[in-house]
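Below, in structure tokens: the form predicted alone, a single chain.
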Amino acid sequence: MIVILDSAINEQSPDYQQTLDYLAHLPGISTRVHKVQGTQQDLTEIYLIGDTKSLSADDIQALPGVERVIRIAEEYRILGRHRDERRASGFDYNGVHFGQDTLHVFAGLCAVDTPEHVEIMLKALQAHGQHCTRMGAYKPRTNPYSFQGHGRGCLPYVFELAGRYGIRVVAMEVTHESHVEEIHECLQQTGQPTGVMLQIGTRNTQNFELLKAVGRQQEFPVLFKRGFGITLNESLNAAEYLASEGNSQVVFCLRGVKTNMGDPHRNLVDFSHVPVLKRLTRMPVCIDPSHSVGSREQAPDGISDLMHVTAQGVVAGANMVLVDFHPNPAKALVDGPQAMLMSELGWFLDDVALARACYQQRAARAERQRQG
């Protein structure tokens, strides 16, 4: 059960203290308080954990400062929508809003290799009016002898260049909780020139101790990738670990699932789950066409498979696109065959805009249908 307090109530309010004290003394029930950042205001949600079936929603609704009460239907208690359209959705970070009605493209290097390549990428993004990117510093690899990323050594020049070229948010994977501290320290040392969205990669989807550690910090939002070999429901429950520890600023990323049924693509593209995620949860939904397709192969129409599946995800309502580009894919240290060329950046962004316009037209048509 979720108890949502009136937006005018704060922790110093007598109503807040009275209601929280009452809920905390319910037999067999524990409480957990979450602050939810909405587009217009911040809300306080109190989660009642335990056997809540016997509790009267009307009695709790009558408590001082309570706006409404929601009975939870899904396992993912905090991130779930629970058939309530009024709950706050989305979040703001470093001047950028992330929600289920926005779209941001995070084009960049899957793995940082040289300062020169980073600058070429960021300069091109600025020229195209972009304010987000991806830059891999820590790279978990299947083969222990493969390039593992430059780690903290590349953070200073990545952050400084991001600030120079107006990049507000850098998506960056972490594989250990110490990486979060390294990112925090480097941002402090460089004067906070940009912001970072921590990425949980598909190999760490069920690394529960890492999820707990990343969830305990609320400085950085989190991009959570679906596990490549587990069900969608299992991945959603894993994402809930982040929120259960206090960080509900989570974007859920679809990146394809591992099966030979997807051949010749690297993974089976799962972008049909974009609307499913938006229906089940309040999380913005990201698509990763690069790791889904895994190549720059083109169809006879001259459009790459990667661009085709990107359009499919955006037309379905995706809120974020994570995509690999590189100044010289042949020399990329990670995933060069799937990286798009810098000369294709403008084309790619235009194609995304076309797909987005199509989605918006479809959504407008659906709204007219609802209005009768």
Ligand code: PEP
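Computed from a prediction, not measured in an experiment: that's the story for all the values here. Don't overthink the numbering: it's just position in the shown sequence, from 1.
What comes next is about the form predicted in complex with the named molecule, which is not displayed.
Considering the named molecule in the model of the complex, the lone stretch of 150-158, 112-120, 287-295, 240-248 in range is 287-295 [heavy atom distance within 4.5 Å]. Among heavy atoms of residue 273, none comes within 4.5 Å of the named molecule in the model of the complex. Taking the partner from elsewhere, residue 139 is found to have a heavy atom lying within 4.5 Å of the named molecule in the model of the complex. In the model of the complex, the named molecule sits within 4.5 Å of a heavy atom belonging to residue 203. By the criterion of a heavy atom within 4.5 Å, residue 322 is counted among the residues contacting the named molecule in the model of the complex. Contact with the named molecule in the model of the complex holds for none of 45, 82 and 282, as no heavy atom of theirs lies within 4.5 Å.
Shown without its partner, the chain has 173 as the single residue in segment 154-180 with a non-hydrogen atom within 4.5 angstroms of the named molecule in the model of the complex.
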